[in-house]
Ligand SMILES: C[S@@+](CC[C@H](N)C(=O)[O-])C[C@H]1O[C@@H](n2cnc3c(N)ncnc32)[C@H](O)[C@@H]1O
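There is one chain below, alone, in C-alpha cells, taken in the form predicted on its own.
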C-alpha cells in the first residue's frame, strides 16, 4: 500500500469503528436478533429516527456485517454469534466498553495539552456501563484463559489468588480443568457481585471464593502458591506496579509463583503495535498507566524478590511473564 493510501486508511478508520460501536451500544444488533427486520420496524422498537437508522444499517451492510434484501436487514451469519448478547462467542459487552473508551480517545488532544487523563464520563459510572466493562473482560478472558491452560501446567498449584479477577473467568477456567486447585478472586465488591453469579453458574462455589478489597489499599491475604495477575498493571504507574509486586510476594508461600499476563511491549516500545496503541488507552483513562515492556516488569519483580523468569507467548499480542518468589 502506498503512503497516501496508508495514511488515508488510518485517518478514516474512525468511520467503521463509530458505526459498529454505536449500533452495538444502542441495541440494534440485539433488536435484530436472528430475524429479518425493516429499518422502520427497528426504529419503532428502539425509538430511533427511521432515516438515520436506515443510513446506518446500509453502512453496516456495505461492510458485510448485515445482509440487505428486499428492504430488510439481518445480521450476517459469520457475525451473528459475536454481536448478539446471548451469542455463543458474544463480544457485545466489550464492544459496548469500547464505545465508552471512544469518548475518551476523542479527547486525546486535551490530554496532550494538559497531561491529565480524561475524567470518567457521567454515563460511564452507571450500573450498565460497569457491567459492560466487567462482562467485556469476561468475554476477552475466556479465550485467553483457555490458551494459558494449553501452554502452562497448573498441576503443581493448590491455592491460587486471582488478583483483580473481575468476573472470575480465569479462576473458573483454571479450576474447572484442575480439580485440585482452590481459587480466591480478589476485587472490588461490584465486580465480585458478577463473579458470584458466574461461580454459581459454573457450579464451583466449593472451590472458587471471593475476597472483596482494593488492591491499592488492602493486603491480598496469604498462603497462596500462585498469584495470577491478568491485564492489571497496565492501569498503574511503575510505583504502583512495584507496590503490587510487594503485596504479591507477601501473599505467596516461599517458592510461590506469580504469573502476569499483559500486552507487553518489546524493548523498542513500538512493537507489537497493539500494545503501543493500548498505551494510548491508558493515557486517556488513567493517571499513570501504560503498556510495560517485559524488561521493565522483570526488573520490578527482581527488585521485589522474584527470580527464575519465563515468558510464554500468547495470541492477540499478549504474553505471560512467570517468576518465582525467592525462598525464605
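Here the structure is a predicted model, which is why all the values come from computation and not from measurement. Residue numbers count along the first chain shown, from 1.
The discussion below concerns the form predicted in complex with this ligand, not included here.
By the criterion of a heavy atom within 4.5 Å, residue 164 is counted among the residues contacting this ligand in the predicted complex.
Although the partner is absent here, residue 157 sits far enough away that none of its heavy atoms falls within 4.5 Å of this ligand in the predicted complex. Proximity of residue 214 to this ligand in the predicted complex falls within the 4.5 Å heavy atom cutoff. Interface residue remark: residue 104 is not counted as part of the site for this ligand in the predicted complex, having no heavy atom within 4.5 Å.
Interface residue among 134, 226, 199, 175, judged by heavy atoms within 4.5 Å of this ligand in the predicted complex: 134. Proximity to this ligand in the predicted complex, taken as a non-hydrogen atom within 4.5 angstroms, holds for one residue of 251, 148, 75, 232, which is 232. Residue heavy atoms within 4.5 Å of this ligand in the predicted complex occur in exactly one stretch of 80 to 88, 179 to 187, 252 to 260, 108 to 116, and that stretch is 179 to 187.
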